[in-house]
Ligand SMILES: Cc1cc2nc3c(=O)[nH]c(=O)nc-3n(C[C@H](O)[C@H](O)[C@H](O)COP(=O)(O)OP(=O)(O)OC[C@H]3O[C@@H](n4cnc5c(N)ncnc54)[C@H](O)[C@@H]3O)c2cc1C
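The data below hold one chain only, encoded as structure tokens and taken in the form predicted alone.
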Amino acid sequence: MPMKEIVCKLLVIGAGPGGYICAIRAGQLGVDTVIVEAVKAGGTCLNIGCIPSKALIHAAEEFEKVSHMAGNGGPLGITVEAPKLDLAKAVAWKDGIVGRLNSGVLGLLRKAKVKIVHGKATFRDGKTVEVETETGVQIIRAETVVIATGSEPVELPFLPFGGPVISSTEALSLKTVPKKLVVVGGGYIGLELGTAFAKMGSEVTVVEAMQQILPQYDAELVRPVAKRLADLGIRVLTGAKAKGLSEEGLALTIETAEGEEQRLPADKILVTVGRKPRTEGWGLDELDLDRTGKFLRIDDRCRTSMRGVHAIGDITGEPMLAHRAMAQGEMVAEIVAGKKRTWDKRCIPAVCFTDPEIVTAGLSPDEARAQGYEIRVGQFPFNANGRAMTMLSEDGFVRIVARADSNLVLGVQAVGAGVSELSSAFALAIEMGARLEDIAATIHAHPTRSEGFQEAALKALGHALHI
């Protein structure tokens, strides 16, 4: 027996970063809003993605730091006995953080007077969904629907998930550190997790089909990361293709760049070859929405090809980033509430939490040239930065790309320890239409890594002071 119908102005499907922000903002604006979530509030990012992976990366970094102090003590003169890692305990700590954030999101939704329905939604038509809840089928009718169902890891047909073959989800909940870990895919997820497990004591091999790890970044940015991977004893095989499990399932068969077949012994095989939009299994075919490849096609107001149906986040394509989904969600909520809004962002910063970290905002030198700009580039190395020296982490640099005619900043990139926290300064400069002179003339606190940003601007203007 179906329950009483719910009728609302806005229905959001999926409570990941895009969906929950959309619902909260709509609620704040007095829009009668319902949100449906099949698993847990917070989506991939909060439960099995960004947040838990950063927690595990931090645990691994702390363990590696202490491990270095065992024996000779390093330059700081601190020595300890050989440390031990209880991974199950670290994972429990990570789960605690996820739990806190999880209930935080639910609390924020309730505060904004959003009705939360737990269960799997299926479209009947563009205005109606049915939700399989624990207590039966719930029908929801809405004036406007926002699809925010996110993405999931891509599975390789010859390496299906199960047994020793795991996705990032299982990697974040392992109870013991695998002795031998093979990572298939040298993008940011594979390298973030591969680096963490190497620091925790795994013998790690990365298999990447392209000629370079982190293929979306230019070689200069990747160099310090590649150097660090080598220092950690991580074996990187580029131009190599995974073929499948060996008969007994304890090794991965690959084809090397030279065309030879090799077997890589492995306790766990972590497959991180990208993510795909979650378009299956919730009646999307009922809606006949236009696609761009596998993704839903949207305009500059996140409208799909069907009236009253918006889509936000990973289901709408690259860049598949939580903060993009959040910005889209906020915008859509305001549009539904009757405000005039369109997508007019100058850049979406992206961070790769490898060791060292990589940040990009706006255009790289190659992208700027490809768009026909005459450019000037300023680069400042962290080995000339006092703060980097005092923290024993001098690898990397800050790089600014600007138009040669007007000095307008087109892009900023950095690689180095902790540079993720500079991402907001980079994005702000681009969003505000800063010129090289604006950054050069802004007083940056000393001693901080952020001085590298000012120095890179000075360098592009032809008069860096500390190099």
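Quick caveat: nothing in here was measured; it's all calculated off a predicted structure. Each residue number is its position in the shown sequence, starting from 1.
Not pictured, yet referred to below: the form predicted in complex with the ligand.
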property: R278: touches the ligand in the predicted complex, heavy atom cutoff 4.5 angstroms; result: yes
property: Contact label in the predicted complex: T149 to the ligand, heavy atom within 4.5 Å; result: yes
property: 4.5 Å heavy atom contact, T128 and the ligand in the predicted complex; result: no
property: Contact flag, A121 vs the ligand in the predicted complex, heavy atom cut 4.5 Å; result: yes
property: Three-residue site L221, A425 and A429 fully in contact with the ligand in the predicted complex at 4.5 Å by heavy atom; result: no
property: Interface stretch in the predicted complex with the ligand - options 63-71, 401-409, 436-444, 50-58, non-hydrogen atom within 4.5 Å; result: 50-58
property: In the predicted complex, the residue from V34, V419, C45, V31 that sits within 4.5 Å of the ligand by heavy atoms; result: C45
property: Proximity to the ligand in the predicted complex, single hit among A333, V207, V204, I312 (heavy atom within 4.5 Å); result: I312
property: Stretch 304-340 - residues with a heavy atom within 4.5 Å of the ligand in the predicted complex; result: I312, G313, D314, M320, L321, A322, H323, A325
